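Encoded as structure tokens, the following chain is the form predicted alone, with no partner shown.
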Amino acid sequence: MQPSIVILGAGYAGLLCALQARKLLSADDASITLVNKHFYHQLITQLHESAAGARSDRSIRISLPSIINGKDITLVKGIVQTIDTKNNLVLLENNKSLAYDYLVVALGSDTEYFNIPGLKEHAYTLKSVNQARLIRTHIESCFARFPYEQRPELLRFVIGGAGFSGIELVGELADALPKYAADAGIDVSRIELYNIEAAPGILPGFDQQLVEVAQRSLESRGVKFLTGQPIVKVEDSIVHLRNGESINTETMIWTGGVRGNQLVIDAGFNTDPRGRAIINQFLQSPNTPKVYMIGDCALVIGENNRPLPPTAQLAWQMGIATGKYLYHDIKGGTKAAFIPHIVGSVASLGRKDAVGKVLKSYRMYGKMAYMAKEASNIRYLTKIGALFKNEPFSSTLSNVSQ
């Protein structure tokens, strides 16, 4: 009987793993089952654009059936409840179970709230298309309500965290909020946009010259940075800072940290203090070599012996590498240790503006950097065969089970 491969999660890592494994392994070599809680793949790196209203939801979600149709990959729509490594089973909601010979865990990350009281209860997060839609709808509501309620906190927007995710969201909002104000007949001077960061500066760890460019660009569009000021408590409509100050707002969006997926911890895998899975040089769980851990749920150590930040670029590479490893598991051959190749990083700052550094030393600014980021998105869509497939879709296509 052919071995079974089960892949949990159809994000960047999981989807590319499934496609790469099927490219190398025939249906006679192995069965491949891809489990995801939606029938669509989400372009997580573009969620900030949807949250601000700059890009439609349908442009950042892609039909999974349209990508895997004809590739002998079975798509199972379901939410993972438990990973049982002793019995090689994955338990889904509604008491459904999947047996596996090889398991790939690509379940992404959870939000890290750092035990800040009230943060989880009163802040929006941005990790899915649905959350982006919720934020956008809320912002639209704030502008619709302001002419009637005249409360300043309706037009006071606070973003917690000034890493890549926070800065990209702030950049989109800096461009979008004045347009919302114009549509509602509200003076743009009434808008306040804050970005709060516990570290001394924005984009921690990024090239300082690019940081300065980014900060000038955003400040010129009205962004107020509060750096070195950790959030210590969040109440309904109030954000408290360590220096004793507080901000009254109807909109608190938290982008300040991620941790490993709780399912990985609950399954008993070895993890670091942030809940990310410890893996070997072949991306396997050391104590369960037939289980691969990839994407944001895994801890990858870089060449400077420090953990690499979870990025789409890293997830792509892990997915492709694991597809190859599965081929060697089943067909034989020698595995090569996983070595990440981070070619650079680009942070968008709104419409047609960005900063980035590629090939370790080449700095990019403005429209050129923005075009480079767009080119990366196009390259990824081409890689998964979905360049023109991010359109409305049916969830009733063949080779799909629920």
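So that there is no doubt, residue numbering starts at 1 and follows the sequence shown. Please read all numbers here as calculations on a predicted model, not as lab measurements.
The same protein also has a form predicted together with another copy of the chain, omitted here; what follows describes it.
Engineer: Just one of 184, 232, 330, 80 has a heavy atom within 4.5 angstroms of another copy of the chain in the model of the complex, so which one?
Structural biologist: None of the others qualify; the residue that does is 184.
Engineer: Would you mind picking the one in 134, 198, 176, 308 that has a heavy atom within 4.5 Å of another copy of the chain in the model of the complex?
Structural biologist: By the 4.5 Å criterion, the partner-contacting residue is 134.
Engineer: Taking the partner as it appears in the model of the complex, which of 25 to 33, 346 to 354, 56 to 64, 330 to 338 has residues with heavy atoms within 4.5 Å of another copy of the chain?
Structural biologist: Of the options, only 56 to 64 has residues within 4.5 Å of the partner.
Engineer: Applying a 4.5 Å heavy atom distance criterion, does residue 270 contact another copy of the chain in the model of the complex?
Structural biologist: No, no contact at 4.5 Å.
Engineer: Flag residue 217 as yes or no: does it have a non-hydrogen atom within 4.5 angstroms of any non-hydrogen atom of another copy of the chain in the model of the complex?
Structural biologist: Although another copy of the chain is absent here, residue 217 would stay clear of it in the model of the complex, with no heavy atoms inside 4.5 Å.
Engineer: According to a 4.5 angstroms non-hydrogen atom cut-off, is residue 130 in contact with another copy of the chain in the model of the complex?
Structural biologist: It does: once another copy of the chain is placed as it appears in the model of the complex, residue 130 has a heavy atom within 4.5 Å of it.
Engineer: Could you confirm whether residue 122 comes within 4.5 Å of another copy of the chain in the model of the complex, counting heavy atoms only?
Structural biologist: Taking the distances in the model of the complex, the answer for residue 122 is no, it never comes within 4.5 Å of another copy of the chain.
Engineer: Does any residue in 131 to 147 get within 4.5 Å of another copy of the chain in the model of the complex, counting heavy atoms only, and if so which ones?
Structural biologist: Read in sequence order, the residues that approach another copy of the chain (within 4.5 Å, in the model of the complex) are 131, 133, 134, 137, 140, 141, 144, 145, 147.
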